[in-house]
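Shown below, as structure tokens, is a lone chain in the form predicted alone; questions about how it binds or moves come after it.
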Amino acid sequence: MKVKLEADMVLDEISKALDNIEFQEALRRASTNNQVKVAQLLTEKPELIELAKEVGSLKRRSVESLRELVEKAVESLRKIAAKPYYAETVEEARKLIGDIVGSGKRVVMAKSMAATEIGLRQYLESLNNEVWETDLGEFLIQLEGSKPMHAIAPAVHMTRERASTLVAEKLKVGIPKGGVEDIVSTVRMFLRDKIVTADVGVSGANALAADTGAIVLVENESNIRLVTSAPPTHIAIVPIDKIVPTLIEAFKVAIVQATYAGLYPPTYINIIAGPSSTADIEQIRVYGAQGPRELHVILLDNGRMKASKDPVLKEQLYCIRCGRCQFECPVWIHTANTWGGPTYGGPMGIVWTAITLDPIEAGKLAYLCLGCGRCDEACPVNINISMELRHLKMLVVQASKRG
């Protein structure tokens, strides 16, 4: 059953955000810092702009052959001893993962908007599991009981003062107010025990290569590396729009995503092609060496295959989730992801909400778009986001005429 999106409720949340001085200050700091970093990076390394154009082209080709890529990915995953599953709906994805995890387990999660999209943490908790986010931003969101406010930086709406207070209150520790290093150190100590004793690790994916089944993940914190290697079971949730033909192309997607998120060069790029294994004894391959014994890959549809046939909405499937359009949007800079659905927000988020939830309700929220086109200019893969938003507005008008 899909979560219902109520435009009126979203407008109430936006009003609260606009009145929240701390919220506004945090967004001002973050958006300014990101804009400066990315502009400087692209000036110094113009070759990354050309790489982004290449990635845009390969994403367009991938979407045009999405069904074939899914079939090839499933075949490749099986060849590397991974266990692939196709989840057409949110409910199917939850059920599949719930059956793998069971109950009474400790689960650690790397940052994944797909996991948020299906409400995975809350669902696993309802099955009597202990679940922890390990990305610092997502961990702060978990403590706050809210939703991610940006595609890459989930806690972008929190000032250092707010984060310090939250960690001190929830973890019952004393942290000097505003001490970022102390916040990071405290969270590291708390989560390290959870990670090394976890039964299951859950991750997303920046890209998946259809030719090899290899998953590519980019990060800076090293929590993804730990979450996908320490527990005996690894579950990866991969939206099908993230499938590209080859491993080299998957790597390029990760590089461009990190660049336009302002995180180039990324500290870590992880390539996972099957569960851990060894063939050191008589060249006989045995799975479950020092890393996971099992790798389960959930290929999440949730409206994406249908969107790939839509002449307008299919453009959103080119998105690499860098969040640049959000940081450049004059509306998002004041609202963050309160302007959007239960998971996604901002210019690209409105369209993702249309694909994964409800195009009419998303279209109502599209009327907050100023039509300035800054999102189009910021997008590294040249998605015409403003055109998509105009299309959603038109759907609302057509629906109202039908009564």
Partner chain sequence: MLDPLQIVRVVEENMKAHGLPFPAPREALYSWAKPLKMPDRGSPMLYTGGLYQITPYIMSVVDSLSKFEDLKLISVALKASRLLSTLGLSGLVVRPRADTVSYVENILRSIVELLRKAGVNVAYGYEDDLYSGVLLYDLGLDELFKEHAVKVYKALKSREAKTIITVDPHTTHIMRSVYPKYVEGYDLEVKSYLEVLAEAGLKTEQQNGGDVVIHDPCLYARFEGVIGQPRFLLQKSGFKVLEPRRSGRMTYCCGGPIEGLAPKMAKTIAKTRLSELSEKHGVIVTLCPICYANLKSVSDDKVKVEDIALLLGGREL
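Since this is a predicted model, take the numbers as computed values, not measurements. Residue numbers count along the first chain shown, from 1.
Not pictured, yet referred to below: the form predicted in complex with its partner chain.
Here is the short version: of I333, L226, V90, L263, the single residue with a heavy atom within 4.5 Å of its partner chain in the model of the complex is I333. A heavy atom within 4.5 Å of its partner chain in the model of the complex is found for exactly one of E64, E68, D376, E54: D376. Although the partner is absent here, P46 sits far enough away that none of its heavy atoms falls within 4.5 Å of its partner chain in the model of the complex.
Looking at E22, you'd find every heavy atom of it more than 4.5 angstroms from its partner chain in the model of the complex. Its partner chain in the model of the complex is not approached by E315, whose heavy atoms all lie more than 4.5 angstroms from it. In the model of the complex, its partner chain sits beyond 4.5 Å of every heavy atom of V381.
The candidate stretches are 322 to 330, 179 to 187, 237 to 245, 106 to 114, and the one lying within 4.5 Å of its partner chain in the model of the complex by heavy atoms is 322 to 330.
Although its partner chain is not shown here, in the model of the complex the stretch 380 to 403 places heavy atoms of S386, R390, K393, M394, V396, V397, S400, K401 within 4.5 Å of it, in sequence order.
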